[in-house]
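Encoded as structure tokens, the following chain is the form predicted alone, with no partner shown.
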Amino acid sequence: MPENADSPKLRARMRAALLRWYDRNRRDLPWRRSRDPYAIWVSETMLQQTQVATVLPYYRRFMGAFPSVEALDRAPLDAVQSIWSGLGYYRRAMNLKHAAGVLASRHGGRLPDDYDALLKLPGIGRYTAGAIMSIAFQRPYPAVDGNVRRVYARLFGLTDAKELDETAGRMVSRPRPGDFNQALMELGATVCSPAAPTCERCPLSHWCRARASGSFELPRGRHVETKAVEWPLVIIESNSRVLLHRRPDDGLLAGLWELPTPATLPPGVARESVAVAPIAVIRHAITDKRITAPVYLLRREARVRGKAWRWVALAALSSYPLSSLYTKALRAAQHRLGARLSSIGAGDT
């Protein structure tokens, strides 16, 4: 039977076994080759609710374009969002940009090696602060993401969130805390999976309460109801240009460029001018919304005023931050627009 989880000797044996396993089995990821707090911050932000395989090309492009806090602070928001376009959860990009401004003005362009100071930066919560403190600064702070929570829940038979967090604080390794936290994340991502854990590969299986009981069920989180939404989109084209509108700086898809809807057509374009039959219907999902988007194509010139509206050449669309919802619509219409649009956007949400 598994031993008492409160035993310091047991925790020491678990830590040693996990670190040995990690040294032999860890994936070679670009952010694991760095101790630069900035690089680690960017990677941990991108990895929130996003799989490693999806993050890799975005991380490389982002670090190539903005290799330091100073470079990110100087960059226009449009450029940052354009690099991020297709990765989803766009508030993360805005938080990185805003936090870079705070770091440049108050911290000399460096991330502070202080947990409470990190928590004051836009977009940094307990998990990201713990990851930065442990990986970049080798300080013994836990970093509990979904993978780590699942490992601890099964390993110690924990169902109470407060008790799990306290256990994580006791478990974090004093030597190599960053490697220990990454080892837990790696174990949850590659071995202790939600549906079918491969216990024979797990370095902690000898002590695992879930394996001893034969039950790997996890406490159910709050169920989020999805909503079916119809979101019609209008592509207004003239002289190989399309009309884009910039969304507000708060709310869903904040600050991104979008295609107008029949309800948000610019002045001078009547709703009745939208064709009755759409040229395509696309399906998409954003957070809790299941979107059905009929796509309409309207060929006409329209006078627009203000920074929120802009005519953009088809060839220049790749430099504009667009959600995948809009890139799907544009790709659905590309044969009618007479342009190849494979370079715009990628990814989900």
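It should be emphasised that the depicted structure is a prediction, and the values quoted were computed from it without experimental measurement. From 1 onward, residues are counted along the sequence shown.
The discussion below concerns the form predicted in complex with the DNA, not included here.
Counting any heavy atom within 4.5 Å as contact, can you tell me which stretch out of 204-212, 184-192, 153-161, 169-177 lines the DNA in the model of the complex?
Careful reading of the contacts points to 184-192.
With a cut-off of 4.5 Å between heavy atoms, is Ile286 one of the residues that contacts the DNA in the model of the complex?
It does: once the DNA is placed as it appears in the model of the complex, Ile286 has a heavy atom within 4.5 Å of it.
Quick one: does Arg32 come within 4.5 Å of the DNA in the model of the complex, counting heavy atoms only?
Yes, Arg32 sits close enough to the DNA in the model of the complex that at least one of its heavy atoms falls within 4.5 Å.
Contact of Ser134 with the DNA in the model of the complex (heavy atom, 4.5 Å)
No, Ser134 sits far enough from the DNA in the model of the complex that none of its heavy atoms falls within 4.5 Å.
My question is simply whether Pro76 lines the interface with the DNA in the model of the complex - judged by any non-hydrogen atom within 4.5 Å.
Flag for Pro76 set to no.
Among Leu121, Leu265, Leu96, Leu111, which has at least one heavy atom within 4.5 Å of the DNA in the model of the complex?
Selected residue: Leu121.
Taking 4.5 Å between heavy atoms as the contact cutoff, choose which of Ala308, Val281, Val52, Val312 touches the DNA in the model of the complex.
Selected residue: Val52.
In the model of the complex, do Leu244, Val295 and Gln334 all reach within 4.5 Å of the DNA through at least one heavy atom apiece?
So, no: the whole triplet misses the DNA.
Using a 4.5 Å cut-off on heavy atoms, what residues in 139-161 are near the DNA in the model of the complex?
Heavy-atom contacts to the DNA in the model of the complex: Asp145, Gly146, Asn147, Arg150.
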